[in-house]
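Okay, so here's just one chain, in structure tokens, the form predicted on its own.
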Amino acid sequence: MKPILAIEHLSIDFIQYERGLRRRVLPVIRDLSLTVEAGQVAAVVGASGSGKSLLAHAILDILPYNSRRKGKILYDGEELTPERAEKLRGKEIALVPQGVTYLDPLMKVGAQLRRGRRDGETRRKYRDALVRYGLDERTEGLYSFELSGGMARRVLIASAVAENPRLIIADEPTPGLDAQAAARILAHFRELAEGGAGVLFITHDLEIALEIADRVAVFYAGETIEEAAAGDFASEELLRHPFTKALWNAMPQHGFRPITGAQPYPGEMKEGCPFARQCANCTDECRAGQIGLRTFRGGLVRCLHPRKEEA
């Protein structure tokens, strides 16, 4: 069975101009691969600047004009061309965006949700979607500036899932929500997956991802460095990449043991492993050339020496 979404060797560069006409190419995502199966929640976890939101925008073909994309994005086994992405956006493929500024400040919530449709079925569908996330029908008569941050985020989620899309891309959907509202939303993403949809859940919070994910892809400096079953995060020994293990150790329940340093900025990396300057097991071989994603112990890892952590 084909995955509902397959991303193969995706790279995204930005073209910038500095000092007049001097052109600079800024690589932000490099050789990124990922799959999302129907009936599955696939979580993407990474720090700010690792390329998570750009991934969402690439799938929907809403990247900035100065971007350049390479690699393949397949939806339901066929290439997701710009024309096909435009046709599927907001219907079969839905985005829950990171920023609440996606709401139009000049339109009331109800009008934005219905997108010009006034029939009774459409009104009922979106009203039910709002109620599902704890918002009553009075919300339809409010402008976005009259909503709290948490209410605005729930409106965006209701808008995305009301049409029963086959692929939901949720880009940091829980910040600003209280624990009860966040738990309700996470549970609903899980329900959507169990109903047959594919959910791509993008977050910087590994703990939240593990609450609902089937698989977790870890991003670092624009690359997929590990893809593992959520169950592998039960123990550090089951994980493969040293950065993934560092994330695991930094969680409060595992001692909150952070590592020093930070991921390189886009454009700083020339070749080799981007984690090299933070890795205790780095060798000259790690710094030398491009490292591919490979199968290791039932998962995928971009590391030449994953066994060293076991020594």
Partner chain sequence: MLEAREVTFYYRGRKKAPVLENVSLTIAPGERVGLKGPSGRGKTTLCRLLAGYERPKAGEVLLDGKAVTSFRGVCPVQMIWQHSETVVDPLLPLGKTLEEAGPVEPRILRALHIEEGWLTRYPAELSGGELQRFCLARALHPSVRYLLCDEISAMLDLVTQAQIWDFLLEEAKNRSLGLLIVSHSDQLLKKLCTRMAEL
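Residue numbers count along the first chain shown, from 1. The shown structure was predicted, so the numbers you read here are calculated from the model rather than taken from an experiment.
One more form of this protein should be noted, the form predicted in complex with the partner chain, which is absent from this view; the next part is about it.
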**Prompt:** Heavy atom to heavy atom, is M251 within 4.5 Å of the partner chain in the model of the complex?
**Reply:** yes
**Prompt:** Quick one: is P175 in contact with the partner chain in the model of the complex, heavy atoms, 4.5 Å cut-off?
**Reply:** yes
**Prompt:** Wondering, does A43 line up within 4.5 Å of the partner chain in the model of the complex on heavy atoms?
**Reply:** no
**Partner contact for S48 in the model of the complex: the partner chain, 4.5 angstroms, heavy atom** = yes
**Message:** Contact check in the model of the complex: G90, R117 and Y126 versus the partner chain, with a cutoff of 4.5 Å between any heavy atoms. Do all three pass?
**Reply:** no
**Asked** Thinking of the partner chain in the model of the complex, which stretch from 129-137, 186-194, 102-110, 201-209 has heavy atoms inside 4.5 Å of it?
**Response** 201-209
**Message:** Under a 4.5 angstroms heavy atom criterion, identify the one residue in L32, C279, A58, L247 near the partner chain in the model of the complex.
**Reply:** L247
**Residues of stretch 253-269 in contact with the partner chain in the model of the complex (4.5 Å, non-hydrogen atom)** = Q253, G255, F256, R257, P258, I259, T260, G261, Y265
